[in-house]
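Below, in C-alpha coordinates: the form predicted alone, a single chain.
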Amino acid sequence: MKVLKVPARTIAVFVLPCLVLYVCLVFMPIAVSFYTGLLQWDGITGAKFVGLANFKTMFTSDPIFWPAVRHTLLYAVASMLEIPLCLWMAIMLSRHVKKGNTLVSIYFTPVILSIVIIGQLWKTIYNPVSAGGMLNGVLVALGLDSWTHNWLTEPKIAMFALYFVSLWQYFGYHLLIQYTGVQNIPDEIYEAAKIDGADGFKADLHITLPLIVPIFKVSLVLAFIGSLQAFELVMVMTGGGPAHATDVISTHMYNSSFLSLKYGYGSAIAAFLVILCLICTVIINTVMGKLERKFS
(Lines give C-alpha, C1' and ligand atoms only; values in the text may rest on other atoms or scores of the structure.)
Protein backbone atom coordinates (compact mmCIF):
# COMPACT_ATOMS: atom_id res chain seq x y z
CA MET A 1 0.00 0.00 0.00
CA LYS A 2 1.35 3.36 -0.97
CA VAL A 3 1.88 5.81 1.84
CA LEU A 4 1.11 9.39 0.97
CA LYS A 5 4.12 11.49 1.91
CA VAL A 6 3.11 14.91 3.16
CA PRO A 7 5.77 17.52 3.97
CA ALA A 8 6.12 18.35 7.67
CA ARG A 9 5.44 21.98 6.91
CA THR A 10 2.05 21.09 5.41
CA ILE A 11 1.14 18.99 8.46
CA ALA A 12 2.15 21.89 10.70
CA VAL A 13 -0.11 24.28 8.80
CA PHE A 14 -3.15 22.08 9.49
CA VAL A 15 -2.26 20.85 12.97
CA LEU A 16 -0.59 23.85 14.61
CA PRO A 17 -3.64 26.18 14.79
CA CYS A 18 -5.74 23.49 16.53
CA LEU A 19 -2.84 22.59 18.82
CA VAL A 20 -2.30 26.22 19.84
CA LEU A 21 -6.03 26.68 20.41
CA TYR A 22 -6.19 23.48 22.49
CA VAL A 23 -3.23 24.52 24.63
CA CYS A 24 -4.72 27.99 25.21
CA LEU A 25 -8.18 26.65 26.14
CA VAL A 26 -7.13 23.61 28.20
CA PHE A 27 -3.61 23.89 29.57
CA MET A 28 -3.39 27.65 30.11
CA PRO A 29 -6.34 27.76 32.58
CA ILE A 30 -4.84 24.79 34.45
CA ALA A 31 -1.45 26.51 34.65
CA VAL A 32 -3.09 29.75 35.83
CA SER A 33 -5.05 27.82 38.46
CA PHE A 34 -1.84 26.22 39.76
CA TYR A 35 -0.15 29.62 39.95
CA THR A 36 -3.14 31.27 41.65
CA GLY A 37 -2.99 28.49 44.23
CA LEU A 38 0.35 29.93 45.34
CA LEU A 39 -1.25 33.28 46.18
CA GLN A 40 -3.11 34.69 49.14
CA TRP A 41 -5.81 36.51 47.20
CA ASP A 42 -9.48 37.33 47.57
CA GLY A 43 -9.89 37.68 43.80
CA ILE A 44 -10.39 41.45 43.96
CA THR A 45 -7.63 43.28 45.80
CA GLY A 46 -3.87 42.80 45.58
CA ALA A 47 -2.43 39.29 45.74
CA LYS A 48 0.44 38.13 47.96
CA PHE A 49 2.71 35.25 46.97
CA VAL A 50 2.69 32.68 49.79
CA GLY A 51 4.25 29.68 48.04
CA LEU A 52 2.83 26.32 49.14
CA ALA A 53 1.08 27.74 52.23
CA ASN A 54 -2.39 27.16 50.74
CA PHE A 55 -1.57 23.53 49.99
CA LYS A 56 -0.14 23.05 53.50
CA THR A 57 -3.31 24.48 55.04
CA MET A 58 -5.45 22.33 52.76
CA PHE A 59 -3.69 19.10 53.72
CA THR A 60 -3.11 19.72 57.43
CA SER A 61 -5.59 22.11 59.02
CA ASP A 62 -8.76 22.27 56.89
CA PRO A 63 -11.45 20.22 58.69
CA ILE A 64 -13.68 20.14 55.58
CA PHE A 65 -11.12 19.13 52.95
CA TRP A 66 -10.47 15.45 53.71
CA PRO A 67 -14.15 14.59 54.34
CA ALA A 68 -14.91 16.29 50.99
CA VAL A 69 -12.22 14.16 49.31
CA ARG A 70 -13.74 11.02 50.88
CA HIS A 71 -17.24 12.00 49.71
CA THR A 72 -15.92 12.66 46.19
CA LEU A 73 -14.09 9.33 45.93
CA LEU A 74 -17.11 7.44 47.27
CA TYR A 75 -19.27 9.35 44.78
CA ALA A 76 -16.95 8.23 41.98
CA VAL A 77 -16.81 4.60 43.12
CA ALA A 78 -20.60 4.50 43.53
CA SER A 79 -21.01 5.81 39.98
CA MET A 80 -19.04 2.80 38.68
CA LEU A 81 -21.22 0.22 40.42
CA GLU A 82 -24.01 0.52 37.85
CA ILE A 83 -21.79 -0.14 34.83
CA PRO A 84 -21.69 -3.98 35.18
CA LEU A 85 -25.48 -3.87 35.53
CA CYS A 86 -25.68 -1.69 32.39
CA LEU A 87 -23.54 -4.25 30.53
CA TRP A 88 -25.78 -7.10 31.66
CA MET A 89 -28.89 -5.18 30.56
CA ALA A 90 -27.24 -4.30 27.24
CA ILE A 91 -26.57 -7.98 26.57
CA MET A 92 -30.13 -8.96 27.54
CA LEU A 93 -31.66 -6.21 25.38
CA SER A 94 -29.43 -7.12 22.47
CA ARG A 95 -30.22 -10.85 22.68
CA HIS A 96 -33.85 -11.03 23.73
CA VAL A 97 -35.62 -7.75 22.92
CA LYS A 98 -36.61 -6.92 19.37
CA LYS A 99 -36.97 -3.18 19.91
CA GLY A 100 -34.05 -2.76 22.26
CA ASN A 101 -33.19 0.65 20.75
CA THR A 102 -36.52 2.04 21.92
CA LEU A 103 -35.98 0.86 25.48
CA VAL A 104 -32.45 2.27 25.54
CA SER A 105 -33.82 5.62 24.32
CA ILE A 106 -36.36 5.62 27.18
CA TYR A 107 -33.63 4.85 29.73
CA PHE A 108 -31.56 7.68 28.21
CA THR A 109 -34.24 10.32 28.93
CA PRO A 110 -32.88 11.49 32.34
CA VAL A 111 -29.52 12.24 30.73
CA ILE A 112 -30.97 14.94 28.48
CA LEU A 113 -32.74 16.69 31.37
CA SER A 114 -31.07 19.65 33.03
CA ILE A 115 -29.34 18.78 36.31
CA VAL A 116 -31.19 21.68 37.93
CA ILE A 117 -34.52 20.13 36.94
CA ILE A 118 -33.43 16.71 38.19
CA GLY A 119 -32.22 18.19 41.47
CA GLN A 120 -35.48 20.03 42.07
CA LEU A 121 -37.48 16.92 41.08
CA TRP A 122 -35.66 14.67 43.56
CA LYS A 123 -35.75 17.31 46.30
CA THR A 124 -39.53 17.17 45.99
CA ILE A 125 -39.50 13.35 46.04
CA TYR A 126 -37.26 13.34 49.14
CA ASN A 127 -39.41 15.87 51.03
CA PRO A 128 -41.10 14.85 54.33
CA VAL A 129 -44.67 13.59 54.15
CA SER A 130 -45.95 16.90 55.52
CA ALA A 131 -44.38 18.65 52.52
CA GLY A 132 -45.76 16.14 50.01
CA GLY A 133 -42.63 13.97 49.67
CA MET A 134 -43.50 11.01 47.42
CA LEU A 135 -40.88 8.58 48.76
CA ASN A 136 -41.86 8.95 52.39
CA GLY A 137 -45.53 8.93 51.37
CA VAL A 138 -45.10 5.56 49.63
CA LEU A 139 -43.27 4.12 52.65
CA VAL A 140 -46.06 5.27 54.99
CA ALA A 141 -48.70 3.81 52.66
CA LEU A 142 -46.85 0.46 52.76
CA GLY A 143 -46.77 0.54 56.58
CA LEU A 144 -43.02 1.16 56.63
CA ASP A 145 -43.17 4.30 58.75
CA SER A 146 -39.89 3.45 60.51
CA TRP A 147 -38.10 3.61 57.13
CA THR A 148 -39.06 7.24 56.53
CA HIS A 149 -36.29 9.80 56.84
CA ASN A 150 -35.47 13.40 56.20
CA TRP A 151 -33.34 12.20 53.31
CA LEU A 152 -31.49 15.41 52.58
CA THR A 153 -31.13 16.81 56.09
CA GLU A 154 -29.87 13.79 58.03
CA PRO A 155 -26.03 13.86 57.79
CA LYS A 156 -25.63 10.06 57.68
CA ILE A 157 -28.15 9.62 54.86
CA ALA A 158 -27.93 12.74 52.70
CA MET A 159 -24.84 11.63 50.74
CA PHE A 160 -26.40 8.25 49.89
CA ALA A 161 -29.52 10.06 48.66
CA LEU A 162 -27.29 12.04 46.26
CA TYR A 163 -25.48 8.88 45.11
CA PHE A 164 -28.81 7.31 44.17
CA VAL A 165 -29.92 10.33 42.11
CA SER A 166 -26.62 10.33 40.23
CA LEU A 167 -26.94 6.61 39.49
CA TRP A 168 -30.51 7.13 38.31
CA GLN A 169 -29.55 9.99 36.00
CA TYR A 170 -26.60 8.33 34.25
CA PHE A 171 -27.88 4.75 34.06
CA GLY A 172 -29.20 5.30 30.52
CA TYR A 173 -25.98 6.99 29.45
CA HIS A 174 -23.81 4.00 30.34
CA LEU A 175 -26.46 1.58 29.07
CA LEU A 176 -26.31 3.29 25.67
CA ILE A 177 -22.51 2.99 25.55
CA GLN A 178 -22.56 -0.70 26.52
CA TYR A 179 -25.47 -1.47 24.19
CA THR A 180 -23.68 0.15 21.24
CA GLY A 181 -20.56 -1.88 22.04
CA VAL A 182 -22.49 -5.15 22.17
CA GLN A 183 -24.34 -4.34 18.94
CA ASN A 184 -21.06 -3.71 17.11
CA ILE A 185 -19.78 -7.26 17.71
CA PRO A 186 -20.26 -9.08 14.36
CA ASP A 187 -22.89 -11.83 14.33
CA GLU A 188 -20.49 -14.05 12.38
CA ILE A 189 -18.38 -14.50 15.52
CA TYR A 190 -21.37 -15.76 17.51
CA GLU A 191 -22.43 -18.04 14.65
CA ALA A 192 -18.93 -19.56 14.48
CA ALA A 193 -18.90 -19.98 18.25
CA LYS A 194 -22.33 -21.63 18.13
CA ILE A 195 -21.00 -24.23 15.69
CA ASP A 196 -18.20 -24.95 18.19
CA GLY A 197 -20.76 -25.40 20.96
CA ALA A 198 -20.51 -21.99 22.63
CA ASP A 199 -23.94 -20.39 22.94
CA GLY A 200 -25.85 -18.20 25.41
CA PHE A 201 -23.94 -17.46 28.62
CA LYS A 202 -20.83 -19.29 27.41
CA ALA A 203 -20.69 -17.16 24.26
CA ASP A 204 -21.08 -13.97 26.31
CA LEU A 205 -18.34 -15.11 28.70
CA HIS A 206 -15.80 -15.96 26.00
CA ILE A 207 -16.79 -13.52 23.23
CA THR A 208 -18.87 -10.58 24.45
CA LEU A 209 -16.92 -9.77 27.62
CA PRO A 210 -13.41 -9.87 26.04
CA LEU A 211 -14.53 -7.79 23.04
CA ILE A 212 -16.41 -5.27 25.15
CA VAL A 213 -13.44 -4.47 27.45
CA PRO A 214 -12.38 -1.28 25.55
CA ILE A 215 -15.96 0.05 25.66
CA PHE A 216 -16.21 -0.94 29.32
CA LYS A 217 -13.03 1.04 30.01
CA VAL A 218 -14.41 4.16 28.33
CA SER A 219 -17.56 3.89 30.41
CA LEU A 220 -15.57 3.47 33.64
CA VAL A 221 -13.32 6.45 32.91
CA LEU A 222 -16.26 8.69 32.01
CA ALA A 223 -18.18 7.67 35.14
CA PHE A 224 -15.25 8.01 37.52
CA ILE A 225 -13.79 11.27 36.21
CA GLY A 226 -17.23 12.81 35.75
CA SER A 227 -18.12 12.00 39.36
CA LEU A 228 -14.88 13.52 40.64
CA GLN A 229 -16.12 16.78 39.13
CA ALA A 230 -19.61 16.46 40.63
CA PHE A 231 -20.90 19.93 41.48
CA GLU A 232 -24.28 20.97 40.09
CA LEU A 233 -26.38 18.19 41.61
CA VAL A 234 -24.86 18.67 45.08
CA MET A 235 -25.30 22.44 44.94
CA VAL A 236 -28.91 22.21 43.78
CA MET A 237 -30.01 19.56 46.28
CA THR A 238 -28.01 20.25 49.45
CA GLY A 239 -25.47 23.00 48.82
CA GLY A 240 -22.94 20.79 50.65
CA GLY A 241 -25.04 20.59 53.83
CA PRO A 242 -26.17 19.60 56.35
CA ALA A 243 -23.04 20.61 58.31
CA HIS A 244 -20.80 19.86 55.27
CA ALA A 245 -22.04 16.23 55.26
CA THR A 246 -22.40 16.29 51.45
CA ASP A 247 -19.53 18.58 50.56
CA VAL A 248 -17.42 17.32 47.66
CA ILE A 249 -14.15 18.78 46.42
CA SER A 250 -15.76 21.04 43.82
CA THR A 251 -18.35 22.50 46.22
CA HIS A 252 -15.64 23.11 48.83
CA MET A 253 -13.60 24.85 46.12
CA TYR A 254 -16.58 27.00 45.15
CA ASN A 255 -17.44 27.94 48.73
CA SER A 256 -13.81 28.78 49.51
CA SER A 257 -13.33 30.88 46.35
CA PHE A 258 -16.58 32.79 46.11
CA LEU A 259 -18.27 32.71 49.51
CA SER A 260 -15.23 32.88 51.81
CA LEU A 261 -13.36 35.05 49.25
CA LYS A 262 -10.24 32.87 49.45
CA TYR A 263 -9.63 32.69 45.73
CA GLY A 264 -6.04 31.53 46.07
CA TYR A 265 -7.03 28.76 48.46
CA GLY A 266 -9.88 27.70 46.16
CA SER A 267 -7.39 27.54 43.26
CA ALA A 268 -5.18 25.24 45.34
CA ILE A 269 -8.17 22.91 45.82
CA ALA A 270 -8.83 23.07 42.05
CA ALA A 271 -5.19 22.15 41.37
CA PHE A 272 -5.54 19.17 43.71
CA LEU A 273 -8.69 18.07 41.85
CA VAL A 274 -6.87 18.20 38.49
CA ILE A 275 -4.02 16.06 39.86
CA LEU A 276 -6.50 13.62 41.40
CA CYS A 277 -8.31 13.24 38.05
CA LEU A 278 -5.02 12.60 36.24
CA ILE A 279 -3.89 9.98 38.78
CA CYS A 280 -7.24 8.16 38.70
CA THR A 281 -7.30 8.20 34.88
CA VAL A 282 -3.80 6.68 34.75
CA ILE A 283 -4.74 3.98 37.30
CA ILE A 284 -7.96 3.02 35.44
CA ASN A 285 -6.18 2.99 32.06
CA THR A 286 -3.36 0.85 33.47
CA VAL A 287 -5.70 -1.70 35.07
CA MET A 288 -8.00 -1.90 32.05
CA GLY A 289 -5.01 -2.01 29.69
CA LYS A 290 -3.81 -5.17 31.48
CA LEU A 291 -7.29 -6.66 31.11
CA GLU A 292 -7.35 -5.82 27.40
CA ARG A 293 -3.97 -7.50 26.85
CA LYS A 294 -5.10 -10.50 28.87
CA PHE A 295 -8.23 -11.02 26.75
CA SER A 296 -6.72 -10.07 23.38
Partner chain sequence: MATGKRFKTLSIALTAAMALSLTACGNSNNNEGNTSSSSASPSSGSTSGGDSGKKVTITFQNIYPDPTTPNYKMVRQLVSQYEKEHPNIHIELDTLNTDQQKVKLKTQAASKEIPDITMVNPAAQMKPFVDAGLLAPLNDVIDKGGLKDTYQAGLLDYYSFNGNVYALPDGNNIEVVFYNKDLFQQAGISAPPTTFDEFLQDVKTLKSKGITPLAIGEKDSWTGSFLFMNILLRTNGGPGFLKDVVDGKKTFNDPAFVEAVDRFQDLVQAGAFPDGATSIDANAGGNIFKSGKAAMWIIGTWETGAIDASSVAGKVGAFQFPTVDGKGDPNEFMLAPGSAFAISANSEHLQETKDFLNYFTLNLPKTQFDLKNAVGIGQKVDGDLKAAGYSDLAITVAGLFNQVKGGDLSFDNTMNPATSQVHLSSIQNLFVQKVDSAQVAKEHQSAYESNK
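For clarity, a rigid core is taken as the largest C-alpha set superposing within 1.5 Å between two forms. Positions refer to the first chain, counted from 1. Nothing here was measured: the structure is a model prediction, and the numbers come from that model.
What follows is about the form predicted in complex with the partner chain, which we do not show.
Site check 14, 44 and 235: each within 4.5 Å of the partner chain in the predicted complex by heavy atom: All of them do, each having a heavy atom within 4.5 Å of the partner.
In the predicted complex, does residue 60 come within 4.5 Å of the partner chain, counting heavy atoms only? No.
Residue-level contact is defined here as any heavy atom of the residue lying within 4.5 Å of the partner chain in the predicted complex; does residue 262 satisfy this criterion? Although the partner chain is absent here, residue 262 would touch it in the predicted complex, with heavy atoms inside 4.5 Å.
Any of the heavy atoms of residue 279 lying within 4.5 Å of the partner chain in the predicted complex? The answer is no: residue 279 has no heavy atom within 4.5 Å of the partner chain.
So in the predicted complex, is the partner chain close enough to residue 21 to count as touching (4.5 Å, heavy atoms)? Close contact exists here: in the predicted complex, residue 21 approaches the partner chain to within 4.5 Å, heavy atoms only.
Which one of these stretches, 65-73, 26-34, 48-56, 238-246, sits within 4.5 Å of the partner chain in the predicted complex when only heavy atoms are counted? Contact-bearing stretch, as computed: 238-246.
Could you check which residue among 152, 165, 212, 177 gets a heavy atom within 4.5 Å of the partner chain in the predicted complex? Going through each option in turn, the one that passes is 152.
Please pick, from 226, 128, 100, 110, the one residue with any non-hydrogen atom lying within 4.5 angstroms of the partner chain in the predicted complex. Comparing distances to the partner chain in the predicted complex, the residue within 4.5 Å is 128.
Note yes or no: does the Cα of residue 286 move by 2 Å or more between this form and the one not shown after the core is superposed? No, residue 286 moves less than 2 Å.
Is residue 275 one of the residues whose C-alpha moves 2 Å or more between this form and the one not shown after the core fit? Shift at residue 275: below 2 Å after core fit.
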